[in-house]
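Only one chain is given next, in structure tokens, and it is the form predicted on its own.
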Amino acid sequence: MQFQSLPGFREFYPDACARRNHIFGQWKQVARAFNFQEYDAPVLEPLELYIEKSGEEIVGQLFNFEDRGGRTVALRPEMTPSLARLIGAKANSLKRPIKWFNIGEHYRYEKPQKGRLRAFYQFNVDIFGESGPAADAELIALLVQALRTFGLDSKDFKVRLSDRDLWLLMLAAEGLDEAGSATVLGIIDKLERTERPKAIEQLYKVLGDGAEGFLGRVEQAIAIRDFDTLSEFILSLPLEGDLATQAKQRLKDWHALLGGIKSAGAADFIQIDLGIVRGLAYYTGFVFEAFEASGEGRALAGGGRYDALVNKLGGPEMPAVGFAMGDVTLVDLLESKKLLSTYVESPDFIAIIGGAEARDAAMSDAALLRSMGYRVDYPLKDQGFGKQFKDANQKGARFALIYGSEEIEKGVVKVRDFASGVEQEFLRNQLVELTPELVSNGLQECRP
């Protein structure tokens, strides 16, 4: 019987794994350039952790079961609840701002489709302990850089920026209470995928005869693309007293955020778009999603501010902002742009061996080079020189270390640089000493 992987799960053969590792490497490089520290958390968590964060409706989307200890558990669908738990447990001893990142696999029991699988990797980046818009700007700048590092530019993707605080002010101007606002925000979040008559029908349950007029005002807000127009729109709302003061302060926060993004060189990638609401109720301020510039396909990344979650999960009050980027939609975009090459993890050196005595010398030198961190390979059985050189080329080796009877008699190793075709002999006891220069400069520049 031939077994196959489960629906929505992927195998990574060496070529696919090399490509995946390249993506992970780029993510890590960007995160570290912004001075974020890497962390990890269990892949299996109490089911209650996700219910507390997202509500009972999340259960149907999870791989969950009862373990042998009678505990109800789930494979993690996202990292944020685990992260909030970790931060909350040691909040008093962590130096702020806390800047952490993670690359890990996540699981959702959903119907597999393009851009969405049941097992997927995410790049999670978060800042805790900073409530001002500078933290939001830092995260958005990192997100932009993480996409740019793959060769994408402002013609390829946009980060759509919105604000749940502004939406709450707009809904307060409509006379909606907290419960009504939550319901309406859920409807607004799905407007792009909802036919207009259906949206009016949904809004009618909350707003009655004012539903269609309200939807028109929502559509006006969603169409705004520049800060000046946004300011005029917000200041024109019928807000009084404390709500009017909150609106003016929020516009100052917007001005600071956009200024920070511009200073970071990311302004060309930002698009104001109040149509982004982020349906998850724990978001509390600025929210954003990265999309292909055409607007097609699923979001490349999404996130925002979630200042109340750490406290909700049992920790202290702790402002937080973060985003997650999935590997599935990113790979789809990079492939469509022909920006994802075939990545092969090639050896630095391959030994070409002629005879038993030569094999002993080759294995001894290989052990030394491997201990220095170089990738070294050699044939595991005796082969002719022609076959060995062919294999070395196919594996993409940079250098050949040639051990024939003449080389063994003279106590040397002949090195061939496949890039230049140059060959040169080295005393074997010099090889380890000269290897760093050899790898850095190639054979033409390296002299014993």
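One-based numbering along the sequence shown. Every value quoted in this text rests on a predicted model; they were computed, and no experiment measured them. Rigid core: the largest C-alpha set superposing within 1.5 Å between the two forms.
Beyond the structure shown, there is the form predicted together with the RNA, which is absent from this document and is the topic of what follows.
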For the chain shown here without its partner, which stretch in 26 to 34, 40 to 48, 66 to 74, 398 to 406 has non-hydrogen atoms within 4.5 angstroms of the RNA in the model of the complex?
398 to 406
The RNA contact in the model of the complex: Asp417, any heavy atom under 4.5 Å:
yes
The RNA contact in the model of the complex: Val412, any heavy atom under 4.5 Å:
no
Considering only heavy atoms, tell me if Pro319 and the RNA come within 4.5 Å of each other in the model of the complex.
no
May I ask you to state whether Glu110 is within 4.5 Å of the RNA in the model of the complex, using heavy atom distances?
yes
Hey, which residues along 384 to 412 are within 4.5 angstroms of the RNA in the model of the complex, non-hydrogen atoms only?
Gly384, Phe385, Gly386, Lys387, Phe389, Lys390, Asn393, Gln394, Ile402, Gly404, Ser405, Glu406, Glu407
Checking Gln388 here: with the core superposed, does its CA move 2 Å or more between this form and the one not shown?
yes
Superposing on the rigid core, do we see a C-alpha displacement of 2 Å or more at Val30 between this form and the one not shown?
no
